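For reference, the chain that follows is the form predicted alone, supplied as structure tokens.
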Amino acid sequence: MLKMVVCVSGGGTNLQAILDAMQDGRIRDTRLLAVISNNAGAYALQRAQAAGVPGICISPKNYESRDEFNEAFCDRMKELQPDLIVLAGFLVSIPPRMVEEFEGRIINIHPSLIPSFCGVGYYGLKVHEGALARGVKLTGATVHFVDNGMDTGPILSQKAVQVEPEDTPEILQKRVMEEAEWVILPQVIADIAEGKIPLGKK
């Protein structure tokens, strides 16, 4: 049984894609231990509650320093002891200690075809604004392992999405979610649960 924690900052559409895939049997032998958000108002926490999954808010705002937040975040994750940590729209840098302690067991979904439109400053709509400004004909999404860099870990899966002439950042964002993110993230988790993608040692 794969034990998983999902970290989300906002609405949690990728979380919902995971929950749906668990519900309909595309992700098997997997237990979602908790959903963690840095934002007490994140709709993702309501999605977790509706699914009967504990929702936990750990916000940097509640700590005097970033180091204190990082310690609390790492300690809570160690208490949960997940096999897999999924970053599904989590806009907080993962502390180096956590990357080290959970090496090869943290994955992230990014809304572009890495190495394009990734790294510092590329998140949310900014990714799609960048793609449209550059005039690319194809974009997409990438699932990758997390290391101490920004979107630099080994790539696990990518799916391309066509850019249409009339696209706005919002329209493109929606298409990338529907045609790529919500497809490849549940698939990678299913592959991990079935042993097709090996995780790092505990």
Ligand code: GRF
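All residue numbers are counted from 1 along the displayed sequence. For clarity, every value in this text was computed on a predicted model and none was experimentally measured.
The form predicted together with the ligand exists for this protein as well; it is not shown, and the discussion that follows is about that form.
Participant: Every residue in 77, 81 and 83 with a non-hydrogen atom within 4.5 Å of the ligand in the predicted bound form?
Facilitator: Zero of three within 4.5 Å in the predicted bound form.
Participant: I'd like to check something about residue 187: if you look in the predicted bound form, is any of its heavy atoms closer than or equal to 4.5 Å to a heavy atom of the ligand?
Facilitator: Result no; residue 187 lies far from the ligand in the predicted bound form.
Participant: Although the ligand is absent from this view, report whether residue 177 comes within 4.5 Å of it in the predicted bound form, heavy atoms only.
Facilitator: Heavy-atom contact with the ligand at 4.5 Å: present for residue 177.
Participant: Using a 4.5 angstroms cut-off on non-hydrogen atoms, would residue 173 count as touching the ligand in the predicted bound form?
Facilitator: Within the cut-off, so yes.
Participant: Could you tell me if residue 109 has a non-hydrogen atom within 4.5 Å of the ligand in the predicted bound form?
Facilitator: Residue 109 belongs to the contact set for the ligand.
Participant: Only one of 67 to 75, 85 to 93, 113 to 121, 99 to 107 gets a heavy atom within 4.5 Å of the ligand in the predicted bound form; which is it?
Facilitator: The contacting stretch here is 85 to 93.
Participant: Would you give me the residues of 46 to 81 that have any heavy atom within 4.5 Å of the ligand in the predicted bound form, in order from first to last?
Facilitator: Going through 46 to 81 in order - heavy atoms within 4.5 Å of the ligand in the predicted bound form - there are no hits.
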